[in-house]
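Only one chain is included here, represented as structure tokens and corresponding to the form predicted alone.
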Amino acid sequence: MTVKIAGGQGFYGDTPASVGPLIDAGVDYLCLEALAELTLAILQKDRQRDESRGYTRDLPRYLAAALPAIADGKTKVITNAGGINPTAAARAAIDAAREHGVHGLKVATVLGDDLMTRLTDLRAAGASLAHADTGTSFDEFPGPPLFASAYLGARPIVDALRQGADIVITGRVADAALFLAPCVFEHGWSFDDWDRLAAGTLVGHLLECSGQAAGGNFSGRWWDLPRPWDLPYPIADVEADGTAVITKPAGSGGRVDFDTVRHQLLYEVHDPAAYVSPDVVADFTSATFADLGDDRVRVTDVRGRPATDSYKMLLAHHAGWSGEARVAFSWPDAYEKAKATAAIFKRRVEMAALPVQEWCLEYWGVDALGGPTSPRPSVTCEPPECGLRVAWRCDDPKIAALVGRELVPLSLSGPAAGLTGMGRGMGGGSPSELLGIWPTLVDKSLVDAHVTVALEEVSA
């Protein structure tokens, strides 16, 4: 038996236009991967403004495109759009179904990744919650936590599918787990079959990032991609032995070949020989890719090792307020003018006795993306224009707003010629709250007993 799985979303704000072609291709499962660490921070700000928020609000738009196929039993949807409020996301999904006249569907909600109310108990049970990168003790956590989410694996999603769910909504799970779960469920894989779990995890990694496996974000001969304005999202045909064929909807643009697939393979991967997920430690270097032509790449021979005993956990805390301004300079001496303006601006802020905890300076057109690896401008290679982006962090939002005003007088009193607004303009916008991220590990035994699946049928 072959299971056809599609990646229909790669981030919050992606396009639901991806759904139609995937449904037409006859996918059994449509997986919508909506979260990142940044997304959780955005959702926390939403929840601060409205306690009924905290999930990705484009979920109803995705479901609207998929509901006819779900109602006909042609496909199921699995998504982590629940963010930090999966219960509210499930309610939005149920409301969307009713609005479209669809009844009888079963919506499952995976709960238990939110550890905010359990932090004291976790510490009492021996969880150190030390910062995973720096080793800093949790005793030095800067301020009250704003959210605390464990990255769950595929198990609770499989449980939801076994209960007959048509739509599965989770909070924070590992991205690839969304795609691994239907493989486990349909093929009956056990959770100690490390090679198959690794194969399903690799498939998930290849599908999770929108159109990248079909040529999006491609660093090879990107100019040769057919009809890039019609770039499709990828599909995997997964067999019971873990073999998979990566492909795309017929007749769409883009391309699926050895190069586009291996490009995605290494995207956001720290150690390809030990890709740590909640379900398995996958060895991506063991995989064999065979380009079959006609936009089909077969993936075989993936190997895996036993999963670790811990989940990744992410906490956030208030980290001050940021302000930002962007200005552009024209030739000649564009880069020098930008540097001089930044120095004058910082000096004016100092003279105004406005405390700034951190500065960020970027010179667009010179080194904003490449940093120290960029070639240095010279008399013979001077940029025709340069954009200065300057950002600052303050403890007080009022101070952050006042800092930006010190740049405004330089429109007539700064370096000569070419100081113009760019993007947010010279004075900047309203200050934004900053959240700091605290990654840590938590023992699975302290989490799993509290993970549950709530199932609700959409009534008329």
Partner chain sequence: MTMLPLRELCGYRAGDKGDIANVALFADDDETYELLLREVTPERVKAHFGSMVGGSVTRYEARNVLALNFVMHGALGGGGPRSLRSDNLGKTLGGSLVRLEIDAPAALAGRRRPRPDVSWADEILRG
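Numbering follows the first chain given and starts at 1. Just so it is clear, the structure is predicted and the values come from calculations on it, not from any experiment.
The same protein also exists as the form predicted together with the partner chain; that form is not shown, yet it is the one meant from here on.
Trainee: Do C360 and the partner chain come within 4.5 Å of each other in the predicted bound form, heavy atoms counted?
Mentor: Yes - in the predicted bound form, heavy atoms of C360 and the partner chain come within 4.5 Å of each other.
Trainee: Although the partner chain is absent from this view, report whether D28 comes within 4.5 Å of it in the predicted bound form, heavy atoms only.
Mentor: Flag for D28 set to no.
Trainee: Please determine whether D291 contacts the partner chain in the predicted bound form, using a 4.5 Å cut-off between heavy atoms.
Mentor: No, D291 sits far enough from the partner chain in the predicted bound form that none of its heavy atoms falls within 4.5 Å.
Trainee: Considering only heavy atoms, tell me if R47 and the partner chain come within 4.5 Å of each other in the predicted bound form.
Mentor: Result no; R47 lies far from the partner chain in the predicted bound form.
Trainee: Taking a heavy atom within 4.5 Å as contact, would all three of S52, G73 and T75 count as contacting the partner chain in the predicted bound form?
Mentor: Zero of three within 4.5 Å in the predicted bound form.
Trainee: Can you pick out, from S149, Q264, T170, T247, the residue that has a heavy atom within 4.5 Å of the partner chain in the predicted bound form?
Mentor: When the partner chain is considered in the predicted bound form, the option within 4.5 Å is Q264.
Trainee: State the residue from D192, D309, D139, E268 whose non-hydrogen atoms include one within 4.5 Å of the partner chain in the predicted bound form.
Mentor: For this set of options, the contacting one is E268.
Trainee: Choose one stretch from 89-97, 282-290, 343-351, 117-125: the one whose residues place a heavy atom within 4.5 angstroms of the partner chain in the predicted bound form.
Mentor: Careful reading of the contacts points to 282-290.
Trainee: Can you tell me which bits of 198-228 touch the partner chain in the predicted bound form, meaning any heavy atom within 4.5 Å?
Mentor: Read in sequence order, the residues that approach the partner chain (within 4.5 Å, in the predicted bound form) are Q212, G216, N217, F218, S219, G220, R221, W222, W223, P228.
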